[in-house]
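The chain below stands alone, shown as structure tokens; this is the form predicted on its own.
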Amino acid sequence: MLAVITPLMRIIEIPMLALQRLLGINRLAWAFLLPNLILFGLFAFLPVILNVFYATSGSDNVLLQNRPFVGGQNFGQLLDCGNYIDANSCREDKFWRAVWNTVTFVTLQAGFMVGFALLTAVILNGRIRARGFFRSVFFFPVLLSPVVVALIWKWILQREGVLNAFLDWTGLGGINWLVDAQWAFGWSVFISVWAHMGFYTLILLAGLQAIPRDVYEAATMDGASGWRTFRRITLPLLAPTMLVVLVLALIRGVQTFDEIYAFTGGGPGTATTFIIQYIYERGFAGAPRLFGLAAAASLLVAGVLVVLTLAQLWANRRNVDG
């Protein structure tokens, strides 16, 4: 095998040496990065630039040359409100309902996600029987397609579903889980936490295992209780990892679409309509297709995500600097 690889590597070495002499050792790295940079620019930066053009133009035409420039008119339409808390006073009332639904959803989802992920990680980090099996069980929902997750829970929670069949059998009577706005929203939060908690549990578990065991042994020798050890040692040392988990959960919550759309379709009414679904419906599912309005809304969402990312970077730097 080595007799085949060695001549092949020598053949590859010839153009590499020529390229190194041409560019110099310091610029050679750019030659290797260039293909990835081209692909990244083509599929990441270019869509963002096009999105800006769509957000500042009007009509339902797809081609940019057929779209008149309107400046900030689309942003003005989205932000035109008498009272931002009252969606009914806004010109784009559905947008602000989606905004406040998203804010409530992200707050609940991220809080429960981090809390349950931390509790699960602490339990799975302990000495329990079949620890590897339980770790796999908690991570398994992450491997499922979001649409599959939504359809499974829809099958369970629909009026003639498994849960209502059990409630009818016990004599408690079934509930229209997906027709009542509060129940539908609550189940949306639960399903999102259930489907993604394993990923964040895995991150926190890695953070727990990175804490030196000597610290815990010293605390045990000093007679510290389990709660005091957790509060004074585990939480402070796990804080950077928890910050990463929190920001990732917030970003994931803002971007929620496929699971909830397949689960409730945004209903009943607009009870589970979130910001990404609003963008989808305005740009692709509605008539006429308001690409400019959808693009403007997506840029506002992107701004929020940039702020969350910068907050994470600032908090990490502050933690490192002491």
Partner chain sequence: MRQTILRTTALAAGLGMTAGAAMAQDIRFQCYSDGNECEVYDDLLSRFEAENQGVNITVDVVPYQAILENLPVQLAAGNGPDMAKVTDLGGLNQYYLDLAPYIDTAAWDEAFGNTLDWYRAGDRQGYYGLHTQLTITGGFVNATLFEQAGVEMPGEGATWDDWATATKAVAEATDADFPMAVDRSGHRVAGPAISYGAKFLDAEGKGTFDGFKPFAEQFVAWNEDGTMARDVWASQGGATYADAAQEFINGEVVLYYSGSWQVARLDEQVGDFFDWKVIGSPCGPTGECTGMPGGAGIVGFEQTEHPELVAKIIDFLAQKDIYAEAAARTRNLPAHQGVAAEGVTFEDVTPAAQEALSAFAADLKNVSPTAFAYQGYAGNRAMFGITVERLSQAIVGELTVDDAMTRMEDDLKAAAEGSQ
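All of these numbers come straight from a predicted model, not from anything done at the bench. Numbering follows the first chain given and starts at 1.
The form predicted together with its partner chain exists for this protein as well; it is not shown, and the discussion that follows is about that form.
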inquiry  = If we define contact as a non-hydrogen atom of the residue within 4.5 angstroms of the partner, is Val254 a contact of its partner chain in the predicted complex?
reply    = no
query = Is Arg228 close enough to touch its partner chain in the predicted complex, meaning at least one heavy atom pair within 4.5 Å?
reply = no
query = Any chance Leu178 has a heavy atom within 4.5 Å of its partner chain in the predicted complex?
reply = yes
inquiry  = How about Asn88 - does it come within 4.5 Å of its partner chain in the predicted complex, if we only consider non-hydrogen atoms?
reply    = yes
query = So which of 210-218, 129-137, 159-167, 234-242 is the stretch with heavy atoms within 4.5 Å of its partner chain in the predicted complex?
reply = 159-167
ask   = Taking heavy atoms and a 4.5 Å limit, what residues of 190-212 are near its partner chain in the predicted complex?
value = none
